[in-house]
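Encoded as structure tokens, the following chain is the form predicted alone, with no partner shown.
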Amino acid sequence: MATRDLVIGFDADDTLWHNENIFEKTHERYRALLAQYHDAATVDRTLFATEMRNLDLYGYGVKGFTLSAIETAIELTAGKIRADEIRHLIALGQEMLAHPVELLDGVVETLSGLARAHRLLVITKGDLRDQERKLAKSGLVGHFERVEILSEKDAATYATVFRRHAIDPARFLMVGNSLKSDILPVLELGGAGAHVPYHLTWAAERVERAPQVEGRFFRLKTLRELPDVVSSLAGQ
């Protein structure tokens, strides 16, 4: 494989910048708001069930989370939640959307080095406007040839992206924090995956086992280890 032949895709949230920690801090405030009605476990369980039920309607991201949080609060309080408390939940969502973009360690250096020799893409999912905002604020746009913001990340959507950009899956490496969304679908299509775990993982993205694929699956501690993986693949 010639060096330039290798195309590298990057997830965004919790791969390039912090994201799940923002949700976790909001969850803490949400539990506190509903503490007079239910224990934290009940609040978490009910909210997650609501999010999963609404996923096809709202998709991923802060806006869908906020709507599900309001719906859950109405349910758990039997309609007793006050208007000012609902306004507080809306404000929490707005704070999340306005939160500064905080890059993960090694992102700038890694992208700068790889972009000189490879085609780089962002392949992320979530709310279009929010993801565009974060990417613009990140200062990373110039490193990427293309940006794909998807409503879902599964084998079918990756295959569509590959066709759209004339990418051979055998010459593609996906980098991300989610085994479910970033790694497994690409491995299924014959590509390679570099898993860079984040210290928090949303329950809907968890899988029980890491894939066992010789030569196409790599587990990294930080993004700084990625150039070595890329060099090994590009040299094949």
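Since the structure is predicted, the reported quantities are computational estimates derived from the model, not experimental observations. Note that residue numbering follows the sequence shown and begins at 1.
Omitted from view is the form predicted together with another copy of the chain, to which the following refers.
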property	result
Joint contact, Ser181, Leu184 and Leu189 to another copy of the chain in the predicted complex, by non-hydrogen atom at 4.5 Å	no
Candidate from Lys63, His195, Arg171, His27 lying within 4.5 Å of another copy of the chain in the predicted complex - any heavy atom	Lys63
Contact of Ala166 with another copy of the chain in the predicted complex (heavy atom, 4.5 Å)	no
Exercise: Ile70 in contact with another copy of the chain in the predicted complex, heavy atom 4.5 Å	yes
4.5 Å heavy atom contact, Pro211 to another copy of the chain in the predicted complex	no
Another copy of the chain contact in the predicted complex: Ile90, any heavy atom under 4.5 Å	yes
Heavy atom contact within 4.5 Å of another copy of the chain in the predicted complex, the stretch among 172-180, 196-204, 49-57, 33-41	49-57
In the predicted complex: members of 5-23 within 4.5 Å of another copy of the chain, any heavy atom	none
